[in-house]
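As a starting point, one isolated chain is supplied in structure tokens, in the form predicted on its own.
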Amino acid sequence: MNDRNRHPDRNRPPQGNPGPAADGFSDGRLVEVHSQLAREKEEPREGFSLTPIFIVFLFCGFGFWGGLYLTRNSGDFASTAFDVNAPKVTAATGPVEFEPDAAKGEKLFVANCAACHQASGLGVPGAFPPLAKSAWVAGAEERLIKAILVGLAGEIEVNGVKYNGNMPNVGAALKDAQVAHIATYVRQAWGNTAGPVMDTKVAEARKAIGTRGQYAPADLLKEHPLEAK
């Protein structure tokens, strides 16, 4: 067929310079708009930027408040400030004085002794002797202190009843003050009327005992006989 008689292809896009884009912008206009937006938008920068000043003041305020709080509530940063068993200070610059505390002793007794002697102090019949109204806990402080520190093993008679048990050295892992609190509580609970025990007395007994093991009740009585009623 002669090319002169060929009809133009209606589906072929027209040749020549492109017209406006579908959205009304020519390519040149799009480039111009993009360049303008790039100039107006701040480019990301490398490195660190300065922290806003109000953030700095905020952290400084928190730091000042924290320092003030610690100063007022730190107990002078003493390691014993929050230790319930630590000796109390009689004055800001005065001597340190220990105060036996039966209330603290009761808590320590429940945690370390009540499983055998019971919270009532009555013990378990045929197994563990009572501490209530017992001559073993009255009178000489050293007898009770040494029993707490190193324990007892063998036959013991309490209130006319014989027991053959094994008391562990519950006081070996406790501080002198804690043993003193327990002994004070035991000597003043369940109708007992003996005096309190000082931590210095516990320290003396601990030093005198040394590294020995459990006492036989008879041997402990040789050192500290029961007082006559």
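We number the residues from 1 along the sequence you see. Keep in mind that this is a model prediction, so the values were computed, not measured.
The form predicted in complex with a small molecule exists for this protein as well; it is not shown, and the discussion that follows is about that form.
Visitor: Do all of 113, 127 and 168 end up near the small molecule in the predicted complex, with near meaning a heavy atom within 4.5 Å?
Guide: Yes, the whole trio is in contact, each within 4.5 Å by some heavy atom.
Visitor: Go through 194-202, 56-64, 157-165, 27-35 and give me the stretch that gets within 4.5 Å of the small molecule in the predicted complex, heavy atoms only.
Guide: Looking at the other structure, the answer is 157-165.
Visitor: With a 4.5 Å heavy atom cut-off, would you call residue 186 a contact of the small molecule in the predicted complex?
Guide: Result yes; residue 186 sits at the interface with the small molecule in the predicted complex.
Visitor: Can residue 119 be called a contact residue for the small molecule in the predicted complex at 4.5 Å between heavy atoms?
Guide: No, no contact at 4.5 Å.
Visitor: Please run the contact check for residue 153 against the small molecule in the predicted complex: heavy atoms, 4.5 angstroms, yes or no?
Guide: Yes, contact at 4.5 Å.
Visitor: According to a 4.5 angstroms non-hydrogen atom cut-off, is residue 177 in contact with the small molecule in the predicted complex?
Guide: Answer no; every heavy atom of residue 177 is more than 4.5 Å from the small molecule in the predicted complex.
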